[in-house]
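We begin with a single chain expressed as structure tokens, specifically the form predicted alone.
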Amino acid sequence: MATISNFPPLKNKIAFITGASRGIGQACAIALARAGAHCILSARTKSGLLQTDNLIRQVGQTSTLFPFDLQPKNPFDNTIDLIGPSIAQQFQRLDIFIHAAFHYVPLTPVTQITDKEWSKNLSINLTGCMKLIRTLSPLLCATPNSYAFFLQNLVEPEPFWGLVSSIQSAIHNLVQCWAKEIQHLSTVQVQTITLPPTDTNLRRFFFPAENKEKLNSPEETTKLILALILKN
């Protein structure tokens, strides 16, 4: 695996990370900043982003905060659509996109999925992902040798996992379609990364009785993600 020397390997690179207020998203932001990248931090909670920003400052770097909620406030909310043009205007490039945000959904029998939870799951997780791809794709494609990583744990169809597994499969298919559409038009490296079991709030939500000592820390999992970027 590549190592970080005195000359930061990602110096002058711009990274945009969703879910950057905690867990793997936060760990990715800190690791990328330590490697020299300027990180644009996104999450729903501003307080969490400020915490990540403070940790980035402790490693001698600065970041840009972009708090927003993947759940639209109203039918006319175009916050996500403005992200790509805003980054382009300020930085003129986007080298790394890491989508680590995911909305908590309850485990429930398919016959008991409510319209509200189904719609919210689609809106935040699937439609949100589609809109992020749509707004960031032109900038990623215009930046040589850029990366777009979508972090998730693909779940096999099991009892009570209908909401989670169906949306994750849909996101995976969406990302793969986009990757094939742009493969001959750009040098963007697109991957859906299946994460090893990692001790995050999201995993604790789904597996409250799990032995945490057998799980990766967010920092350990982040090393695997960073290695995919630094190997080139």
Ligand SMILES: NC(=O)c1ccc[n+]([C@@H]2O[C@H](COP(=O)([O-])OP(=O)(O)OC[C@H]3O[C@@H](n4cnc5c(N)ncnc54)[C@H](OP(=O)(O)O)[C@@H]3O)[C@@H](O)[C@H]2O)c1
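Every value quoted in this text rests on a predicted model; they were computed, and no experiment measured them. Note that residue numbering follows the sequence shown and begins at 1.
Missing here is the form predicted together with the named molecule; even so, the following discussion is about that form.
Trp178 falls outside the set of residues with a heavy atom inside 4.5 Å of the named molecule in the model of the complex. The named molecule is not shown here, and in the model of the complex it never comes within 4.5 Å of any heavy atom of Leu41. Interface membership of Gln168, defined by any non-hydrogen atom within 4.5 Å of the named molecule in the model of the complex, is confirmed. Contact check for Asp69: a non-hydrogen atom falls within 4.5 Å of the named molecule in the model of the complex. Checking 195 to 203, 180 to 188, 54 to 62, 31 to 39 against the named molecule in the model of the complex, the stretch whose residues place heavy atoms within 4.5 Å of it is 195 to 203.
Proximity to the named molecule in the model of the complex, defined as a heavy atom within 4.5 Å, singles out one entry of Ile83, Leu94, Ala101, Cys129, which is Ala101. Contact annotation for 9 to 24: residues with any non-hydrogen atom within 4.5 angstroms of the named molecule in the model of the complex are Gly19, Ala20, Ser21, Arg22, Gly23, Ile24, listed in sequence order.
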